[in-house]
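Laid out below as C-alpha cells are two forms of one and the same protein chain, each shown alone and named structure 1 and structure 2.
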Structure 1
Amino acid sequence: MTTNKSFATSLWDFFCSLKLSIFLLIALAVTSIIGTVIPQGPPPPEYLQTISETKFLVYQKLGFFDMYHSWWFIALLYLLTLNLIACSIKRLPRVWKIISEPTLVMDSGLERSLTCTRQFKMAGDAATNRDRMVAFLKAEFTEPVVTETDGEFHLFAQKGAYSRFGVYVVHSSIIIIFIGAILGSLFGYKAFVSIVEGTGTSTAYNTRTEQPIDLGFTIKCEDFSVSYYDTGAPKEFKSILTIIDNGKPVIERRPTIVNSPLSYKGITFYQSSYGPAGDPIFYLSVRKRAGGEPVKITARQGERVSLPTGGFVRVMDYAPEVRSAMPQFSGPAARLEIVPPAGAPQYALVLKDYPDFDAQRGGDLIFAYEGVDEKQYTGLQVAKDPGVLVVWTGCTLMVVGIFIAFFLSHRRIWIRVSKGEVTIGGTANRNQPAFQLRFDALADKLKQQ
C-alpha cells in the first residue's frame, strides 16, 4: 500500500514540477523546427527524390509530413496542459493563503528575514503611538490591520496582493486558447469557392477533404477587377459581392479586397485568387491608310476574322498593362497577326491608350485596340471558426496576465509599536530594488513624525 501511495505521490510531483515545464517548453521549441525544414502536407515528388526510401518511411511513420498534428506533438501539448493544471492546483491554495491569512505580526524571526527594516525611538505611550502609526499608514500606504500582543501593537498593511494571481491568469489563458482551437477544429471549416462574374453559388468546397459544404445562402460575384501601380505591380484585387438569403439580397454590391473580407452569418469570405473564365472577346477597329471610315471588328481569342480588303486578322495575345515590358507606355495592349491575301503575315502591336500607335508600322491597314470583354472568376477563401472569439479572449487574458505578473507586485508593510520604540519592516514579491526606494522614503517620513 505504501509503495502504491508513494508511486501516486511521485507521479503527482512529476506533473507538478517546474523541471517538467522547462523540459516541455524546450522540447516543443526543438521539435517545432522539424516542421519548418520538412515540407508539410502531402510531399511533392521533387522532394521525395531528394530523400532515400527508408528516410521517407521513417518520416512518414513519425508523422513528419503533418507534424503539428502528429500524435507525439499533440501528446506534448497535452502534457503541457496537465503540467499547468497540476502546478496550479498545487500552488493556488498556498497563494490564496498568503493573501487571505496574512502574517499580521512581525516577530523577530520575520524581521530578520526582511530586507527592509528600520527602527526609531518614539516618545509617548504605546497606544498614542499606535494611533499615530495607523493614521500614518492610512495616509501614506493603506489602511492597516492592528493586533495587540503583550502590550505591543502590530500593524499590517498590504497592497497589490492580487497581483500574485497574474501568472495564473497567464497559465489559464493558455488553456483557454487550446479550448478555442479545439472548438474551431470541431465545429469550423476552411473552404473555397470560385465564382464567375455575374453568377452566384451556395456551395463551397472544403479545402482539405474537397467535400461540398452548403452555405445556406447564395453568394454572387457582380464584378471582379485588378488595378495596377504605375510600376505595373498589382495594387488591388477587388470583387463586388452580393449575398442573397431566402431570395432577398441582404448584402448588396459590397467591395471585397485582400485585407477586407466579407462576413455573413459567421462565415467569412476572403479575396484569394482570380483567373479567366471562358474566352475573352476583343474589340478592334481598322482603317485604310489611304483614308475612309474605320471598320469595327469583334474577335474571340485565336479566331481568324476576315478583313474588308481580303485576308484576315487574329489576336495572338494581350496584356492588361504593358508598363513592365514597355516602360514608356501604359494601359492594355494586344498583339495581332495580319495575314494579307498574298504575301507573308505581319505582326502588329496595338495599344488601347494610343490609338495611332499602329500607324508607325507602315502597313496599308491601321489597326486600333478598343478593349476586351473578358469574364473572370474570383476565388474566395471561406472560413467558419466558432472558436475564434474564445482564442481572442485567451490572448487578451494572456497579455493582461503577463503585465500583472511582471509589472505589479505584492507589497507588505509591518509596524511594531512597543514602549518608546517603533519598528517598520517591508517586502515586495517583485522588483525589490524599486520597493527599497519607496520603503526608504516611507521610513524617512516616519522618522519626522
Structure 2
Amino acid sequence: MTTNKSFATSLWDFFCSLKLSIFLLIALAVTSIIGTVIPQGPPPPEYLQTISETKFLVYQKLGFFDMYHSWWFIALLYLLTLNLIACSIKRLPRVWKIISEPTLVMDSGLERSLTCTRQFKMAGDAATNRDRMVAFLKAEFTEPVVTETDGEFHLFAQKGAYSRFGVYVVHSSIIIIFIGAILGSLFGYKAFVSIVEGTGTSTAYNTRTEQPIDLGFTIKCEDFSVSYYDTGAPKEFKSILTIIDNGKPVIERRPTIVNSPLSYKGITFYQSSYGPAGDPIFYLSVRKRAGGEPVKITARQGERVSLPTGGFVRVMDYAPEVRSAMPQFSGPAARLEIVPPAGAPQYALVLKDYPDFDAQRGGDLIFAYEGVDEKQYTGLQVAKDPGVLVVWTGCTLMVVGIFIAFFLSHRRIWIRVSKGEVTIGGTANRNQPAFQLRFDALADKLKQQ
C-alpha cells in the first residue's frame, strides 16, 4: 500500500531530518573557514593584487568580504535554528513520557531488555519482603513506587530523570546564541572614529559602508599619550575620553587603552590606532658659535623662518622617538635645512635630549631642538551589538546543558517481589559501566541482608 505524504508532512520531516543537521553544521564549518582565509571588511590593496578582477567581483557578489553578515550565512543560521526546534519538538514527547509515565512493572519482556539483573531466594511471605525492599531502596537509592499485580509486588525507583533534558538545554542554548548573533547582525554595527586631542564628535563611520552613524551623544578626547620600549616601538598608547550626553559629562576622563575599552549605552569604544593630527609647531634655539645669547625660533614644518644673521632655517622632518645604542643620542629629533645668506644649503640633525649635538657640525650657527607642540588623533573602533547579552546567556545555558547531558544520567531500578524470590534489575541511559558498578554493589548489599 502506497501512502502519499502531504506537502506539510514532507516539509516537517525535512526539518526534523538528522541529515539536514549534519549538512548545515558542515556548511557552517566550511563557510567559517572561508571567512578565515578571505580578509573581512574592505580588502587591502596587497590582497587585491593576488586575485583577478573576475574573482574579486564574484567574491563581492557572494559577500565573501563580509561573510558573517551575508544573506546566505544568516539563512544557514535560520535553517539550523528551525532544524533544532523541529527535532526537539518531535523527540520531546517521547522523552517526557519516559519521565512522567515510567514503566512501573518489571515483566519478563522488560527484564530481558535490562542491562543489569540479579535474582535471589528470600524467605518469608511476599508482603513482608515487599516492606523490606521498600526500606532497602529508600535507604540505598530513593523512595520507590509500589505496584501489586497478579500476587506480585513491583517496586520502581528512579534518579536523575530530568537529566534527559540536558540535550534540549544544549539545543535551546544554540538557538539562543543564534538569535543573539542574528540580533547583532541586523541591529548592530562596527564602525570607526578618529578624534583629535581636545575635540569631540557624535558621529562614527560604518566600517563596511563608511556611512555616518549618529551615536546619540558626544565622545571627546581630552588627552592622548604614548610610551615607548627601549627599541623605539610603541609600548602603550592611551586616550583620556569623556562622554557628554545632553550637554552634561556622564563619564569624565576615562583612560582607555588596548584591551580596556569604554562602554556607554550599549556602544563600546576600543583603542585601535593613533597618529599625528598634522601642523606641528617646533621650538628651536640658535646661537653663534663665537658666543652670545641664544635666539628662540618658532616654526611650522616646511616653513622657512629667517635667521638673525640672515638666511633661513626650515624643519624638514622630525621623529617623536629615536633610539640609539648610545642613550645620549636617543629621544625626540628633528632634521633641519639651513640656508646661509651665501653658499650652499646645510643640513643638521638636532636632538632634544642632547642640545650640543649640532655643535659637532662645524657651522657658524649652533641649533638646538627644544620641543614640538603637535596634537595627536586617537583612532577608536566602535562596536554596537544588542545581541551580546543574549549570546552570553546562551553560552551559560550551553555549559549547564553539557554538564547535565554528559555528567548526569537517568538511573532506574526495578524490584519484583514474589513468594520466596526477589528479582532486581536496572539500567541507565548513559555511562553504563559506572552504573553497572553501582548496581552490583547495591545487589551485593541486598543479598547480604
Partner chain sequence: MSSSLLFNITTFAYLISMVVFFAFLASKNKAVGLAGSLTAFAGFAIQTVAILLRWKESYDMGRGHAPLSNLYESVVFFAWTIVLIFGILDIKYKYRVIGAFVVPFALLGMAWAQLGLDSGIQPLVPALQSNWLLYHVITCFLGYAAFAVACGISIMYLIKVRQEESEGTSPAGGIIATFPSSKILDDLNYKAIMVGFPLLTIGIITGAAWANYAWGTYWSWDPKETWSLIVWFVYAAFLHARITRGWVGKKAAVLSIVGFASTIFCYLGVNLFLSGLHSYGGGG
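We call the rigid core the largest set of C-alpha positions that still match within 1.5 Å between the two forms. Reference numbering: structure 1, starting with residue 1. Computed from a prediction, not measured in an experiment: that's the story for all the values here.
query = Is the form predicted together with the partner chain shown as structure 1 or as structure 2?
reply = The form predicted together with the partner chain is shown as structure 1.
Residue 437: Cα shift of 2 Å or greater between structure 1 and structure 2 (core-aligned) = The answer is no; the displacement is under 2 Å.
inquiry  = Please state whether residue 256 has a C-alpha shift of 2 Å or more between structure 1 and structure 2, with the rigid core used for the fit.
reply    = After core superposition, the displacement of the residue 256 C-alpha between structure 1 and structure 2 stays below 2 Å, so no.
message = Taking the rigid core as the reference frame, tell me whether residue 388 has a CA displacement of 2 angstroms or more between structure 1 and structure 2.
response = It does not reach a 2 Å shift.
ask   = Where the rigid core has been superposed, how far does the Cα of residue 26 end up moving between structure 1 and structure 2, given in Å?
value = On core superposition, this C-alpha lies 3.5 Å from its counterpart.
request  = Look at the Cα of residue 298 between structure 1 and structure 2 with the rigid core superposed and state its shift in Å.
outcome  = On core superposition, this C-alpha lies 4.1 Å from its counterpart.
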